[in-house]
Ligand SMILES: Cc1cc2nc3c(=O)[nH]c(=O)nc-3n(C[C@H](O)[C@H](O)[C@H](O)COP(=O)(O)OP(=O)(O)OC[C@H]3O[C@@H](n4cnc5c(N)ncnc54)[C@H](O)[C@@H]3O)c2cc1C
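Take a look at this one chain, the form predicted alone, written out in structure tokens.
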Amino acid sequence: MSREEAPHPGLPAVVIGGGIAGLAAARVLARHFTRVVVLERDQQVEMASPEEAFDGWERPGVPQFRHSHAFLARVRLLLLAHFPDVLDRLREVGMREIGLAEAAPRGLGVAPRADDEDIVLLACRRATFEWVLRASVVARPAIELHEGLSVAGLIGTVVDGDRPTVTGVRLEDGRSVEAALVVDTTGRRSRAPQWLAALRAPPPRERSAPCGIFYYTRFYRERRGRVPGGRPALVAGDLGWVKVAIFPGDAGSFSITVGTPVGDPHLKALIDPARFERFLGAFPTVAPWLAGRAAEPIAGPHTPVLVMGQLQNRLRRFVDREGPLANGFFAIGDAAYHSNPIYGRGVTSSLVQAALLDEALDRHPGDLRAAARHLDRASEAELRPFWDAAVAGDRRSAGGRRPFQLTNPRAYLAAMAAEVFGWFFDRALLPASRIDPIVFRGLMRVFNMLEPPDHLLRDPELVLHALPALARTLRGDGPAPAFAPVPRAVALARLGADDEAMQAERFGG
């Protein structure tokens, strides 16, 4: 859609939310509209560097702002294609690029292949990524970033009883902003269903499932030459009763996150920094990062342990068989597809949808209904398989099984397929990835959202190479896990809690 073909010449495209999804949406919308207005609830103070942003940037509207983030290889490819200036600037401020060979398990030789250049993770903090992207937006005269403004609802019109057409937004202070289209990027707390209901639009189709996990995160800075094995690539272990991961960051920073089941009261003691570190000392894979003076808390001894919980995998669709629920309204990022942060897909999904919004407006100039249909179809094709995989993975982690619906053959087959995939993944593909470079590469391509999850079963080469590991697992001598297992009682003892329930568990009571 060229600027002359915009559906409402002279009116801006309005983006609600100035996080990563909103800033990316603003960048692509500036290709189609002479004016783009971003409305962000949080009031920002100008920060001169990523360090200032991490230390002092208050983002109550983004609860995950200072939690661990994984910027997958798909993010790098999207930046190269759409925002190369952002990638260049991230490199300038200390972001690391981690290639396939560096991410491979120790001792696993990965012979280079031409498409390996696509599998490059970006290591930086969320604050750094958003700081750089925000600077790129502020520098563009076509984009207006207004901060400290909250949106109260949508403004729209209805003609002849048809579905509403969104014509702008209403602010909490009573003012209104007219718009050629409105894009909601306000994340998992989006109030879009209420806003649409106020316009008498049909409700969005919604699916949700609990993530079943709490996250505890603390940030550190490595001391030169003291971190074991050099600067860390992504280190992660799922021990069943707990998940532990080290996330590399920019400028020598890294974070450690512990994921605990929501129903485990003993592990809530991890909120205390001293207990957090004592707990981590029980894990041989993690302890060397904190031993001696290998690293220090990024803000000194008082660096907090941050907690995030009450998470739901939530999917909302704003288009049905009749078309968009409200013409001129779009939603991208966590407002549409939100999954468990442990899979690191949030930022990637946001950038994917920003690119798809760009594509939709290009292919359907002047036709917002067709553009909305295109965005919905393309998002379902690109993101829905990963959302479904996240729900299935969380269900397996919680020890639950999806109930088979015998009255619905399609649902029955889908449930059985998910069970089979989970069984084969846990017993064949994951163990094989530790000893077979072909399986490791295949897993990394899916992990980085370069291939859909079912690629792991559709690629006969991967299945064939996973079978020896499956045989070993079934007879009890499978490949050793990369993350050394630790009994729950041993790690709990490190927390220093002494209540009767914990003592009973330690001694088999």
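Note that the structure is a prediction, hence the values are computed from the model and not measured. The first residue of the shown sequence is 1; numbering continues from there.
Heads up, the form predicted together with the named molecule isn't pictured, but that's what we're talking about next.
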{"property": "The named molecule in the predicted bound form reached by all of Asn313, Leu429 and Val439, non-hydrogen atom within 4.5 Å", "result": "no"}
{"property": "Option touching the named molecule, based on a heavy atom within 4.5 Å in the predicted bound form, out of Ser255, Thr260, Ser379, Thr348", "result": "Thr348"}
{"property": "Heavy atom within 4.5 Å of the named molecule in the predicted bound form - residue from Arg59, Arg472, His455, Arg35", "result": "Arg59"}
{"property": "Location of the named molecule contact in the predicted bound form, chosen stretch of 149-157, 385-393, 115-123, 260-268 [non-hydrogen atom, 4.5 Å]", "result": "149-157"}
{"property": "Heavy atom of His67 within 4.5 Å of the named molecule in the predicted bound form", "result": "yes"}
{"property": "Interface membership of Phe247, the named molecule in the predicted bound form, 4.5 Å heavy atom rule", "result": "yes"}
{"property": "Contact of Thr186 with the named molecule in the predicted bound form (heavy atom, 4.5 Å)", "result": "yes"}
{"property": "Contact of Ala13 with the named molecule in the predicted bound form (heavy atom, 4.5 Å)", "result": "no"}
{"property": "Residues in 205-223 with any heavy atom within 4.5 Å of the named molecule in the predicted bound form", "result": "Tyr215"}
